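Next up is one chain by itself, shown in C-alpha cells, the form predicted on its own.
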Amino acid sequence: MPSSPTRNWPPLPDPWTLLAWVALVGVGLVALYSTTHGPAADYLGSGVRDNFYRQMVWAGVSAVGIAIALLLPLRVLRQLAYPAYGVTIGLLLLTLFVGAEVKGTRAWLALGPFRLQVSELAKVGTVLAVAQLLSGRHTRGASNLNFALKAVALIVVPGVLVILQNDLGTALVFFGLVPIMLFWAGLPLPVIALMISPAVAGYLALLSVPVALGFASLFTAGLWWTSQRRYVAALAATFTGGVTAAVSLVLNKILQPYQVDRLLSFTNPGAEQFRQGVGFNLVQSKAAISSGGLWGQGFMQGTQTQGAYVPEQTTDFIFSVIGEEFGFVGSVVTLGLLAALLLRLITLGSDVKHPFGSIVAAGAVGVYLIHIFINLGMVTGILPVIGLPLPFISYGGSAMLAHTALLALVLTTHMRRDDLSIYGY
C-alpha cells in the first residue's frame, strides 16, 4: 500500500504570546469597567465614561490587525520598513503644525471623530527601520560603528520631534531604545553602560546633587580601570558630570518654580508645597495601592478609585485601580503577566537566527519595558509623573494599536523564521 503524502501544515503563531496578550487586555478592561461603571462614574464626564467601550473596540481592531500581520510575507515587512518610518516622520512633522493640543501636548491628529497619537505609531516604524538597517547584508550589526551611528540617528530623530510636541514621556521611550536595540545587535556592554550613565546621573541629580557627583566619580573610575583608556574615562566624566551640572543649572536658573515642583514632587509628594498641587496624584495613587492589602477591597469597591480621588485612573494611573481593588495578589498577577510576555518575546527573538527578526523582538521588548518601568515608577512615587501608559492595560486606542502591532511583528518574524535565510546576507 503506498504511503500517504506528507501534509505540510502552515506555520502557526506562538499561542503563549497570544494568550498573554488576551489576558493583559482583559485585565485592563476589568479595571476600566470598574472605574467607569462603578460609583466613580458619577464624577466622570460622559467622554471618560465611554472609555471602556472604546477600548473594547480598539482591542477588536487590534486583534484583526494581528491576523492581517500574520498573513504578510517577511519580504513585504522588510520592504515596508523604511517607507513606514518615513511616513511616521512626516506625520510627526505634520502634527507639529496642525495637531490637536491636549493638556499642553500637541501629539494628536484629528481624523473625524477619532484622534490618532502619531508618536505611538512612530515607535513601530522606528523599530522596523532600525532592524532593517542593522540586519543589512554588508553589516555586522552594531559592531560596525557607522551603522550604529545611523541607527542612533533613526531613533533620535522621532524622539526630538516628540519633544517638540511637549511629550517628554513618549520621547524617553525613543531614547531608551538606543542602548537596548544596539546591545541586542552587538554593541559592547561598556559602551551601553556609557550610554545609560547620563540617565542615571540625571535621576540622581534630581534626588541629590552630591549623590549624583559621587556616582559620576565612581563610574568614571570604574570605566578607566576596566578599559585602561583615558578617552573612555573622559567621556564617562563628561556624560555623568555634565548631566549633573546641567540638571542643577536647569532646576535653579532656567525652569519656573511650578516646573521645578512638577519634577521634584515625586521625592516627597506629601510635603506641604506639593500635596495639594503636583504631588496630589502621587499621594492619592499611593494611598489607593496601600489600601488594597493582600486581596484588595473588591471589584468596584475601592475607596480611592470609586471616589475618583486618583486623577487619570483610566490611563496613566490605572495600576492604582488594580492595586486597590485586587490587592497585592492582583498586582502580582498583573506584573507576572507582563513579565511572562517580555520573557516569551525574548525567547521568540532568540529563536530567530536572522538579525532582522531578533532585533524587531528586542525593539518590542524595549518599548514595553520602558513603558512598564516608567508607569509603575510614576504610580508608586519612584519617578516623576511624566505621563506614559501601561501596555495593553491603560486606556488609549493609539497605544493599543501600536503595542499590538509590535507584538504582531514579533509573532510574524518568529512564525516565518525559516523564510529569513532566503533574504539574508
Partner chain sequence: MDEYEVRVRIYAAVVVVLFLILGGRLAQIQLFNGAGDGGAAGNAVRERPVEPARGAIYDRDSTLLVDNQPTYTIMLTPRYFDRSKTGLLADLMGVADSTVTRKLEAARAWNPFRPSRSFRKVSFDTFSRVQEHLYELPGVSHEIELRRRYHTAARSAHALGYVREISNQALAQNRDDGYRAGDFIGKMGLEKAYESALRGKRGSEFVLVNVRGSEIKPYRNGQNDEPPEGGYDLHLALDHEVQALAESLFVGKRGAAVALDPDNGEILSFVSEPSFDPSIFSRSVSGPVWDSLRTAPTDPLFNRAVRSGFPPGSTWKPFMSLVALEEGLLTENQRLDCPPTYRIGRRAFKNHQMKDEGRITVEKALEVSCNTFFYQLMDRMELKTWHDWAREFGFGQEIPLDIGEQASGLIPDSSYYDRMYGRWTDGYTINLGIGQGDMSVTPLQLARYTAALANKGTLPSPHFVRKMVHPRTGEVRRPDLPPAESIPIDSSSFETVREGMHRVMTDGTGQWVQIPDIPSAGKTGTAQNPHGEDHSLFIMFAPYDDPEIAIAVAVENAGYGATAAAPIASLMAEKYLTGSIADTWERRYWKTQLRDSVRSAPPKGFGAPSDSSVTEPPSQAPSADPLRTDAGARTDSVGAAPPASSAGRD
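Residue numbers count along the first chain shown, from 1. Because the structure is a prediction, the values reported are computed rather than measured.
The protein also exists as the form predicted in complex with the partner chain; that form is not presented, and the subsequent description refers to it.
Participant: Counting only heavy atoms and a 4.5 Å cut-off, does the partner chain in the model of the complex sit next to every one of 301, 319 and 350?
Facilitator: Yes: 301, 319 and 350 each sit within 4.5 Å of the partner chain in the model of the complex.
Participant: Choose one stretch from 287 to 295, 216 to 224, 242 to 250, 116 to 124: the one whose residues place a heavy atom within 4.5 angstroms of the partner chain in the model of the complex.
Facilitator: Within 4.5 Å of the partner lies stretch 287 to 295.
Participant: Is residue 331 close enough to touch the partner chain in the model of the complex, meaning at least one heavy atom pair within 4.5 Å?
Facilitator: Residue-level check for residue 331: yes, a contact with the partner chain.
Participant: Please run the contact check for residue 182 against the partner chain in the model of the complex: heavy atoms, 4.5 angstroms, yes or no?
Facilitator: Because a heavy atom of residue 182 falls inside 4.5 Å of the partner chain in the model of the complex, the answer is yes.
Participant: Using the partner position in the model of the complex, report whether residue 32 sits within 4.5 Å of the partner chain, counting heavy atoms only.
Facilitator: Heavy-atom contact with the partner chain at 4.5 Å: absent for residue 32.
Participant: Can any non-hydrogen atom of residue 280 be found within 4.5 angstroms of the partner chain in the model of the complex?
Facilitator: Yes, contact at 4.5 Å.
Participant: Please identify the residue among 372, 59, 399, 27 with any heavy atom within 4.5 Å of the partner chain in the model of the complex.
Facilitator: Contact residue from the list: 372.
Participant: Consider the chain as shown here, without its partner, and state which of 206, 164, 194, 342 has a heavy atom within 4.5 Å of the partner chain in the model of the complex.
Facilitator: After the contact test, the surviving option is 342.
Participant: Scan 307 to 325 and write down, in order along the chain, each residue with a heavy atom lying within 4.5 Å of the partner chain in the model of the complex.
Facilitator: Going through 307 to 325 in order - heavy atoms within 4.5 Å of the partner chain in the model of the complex - the hits are 307, 308, 309, 319, 323, 324.
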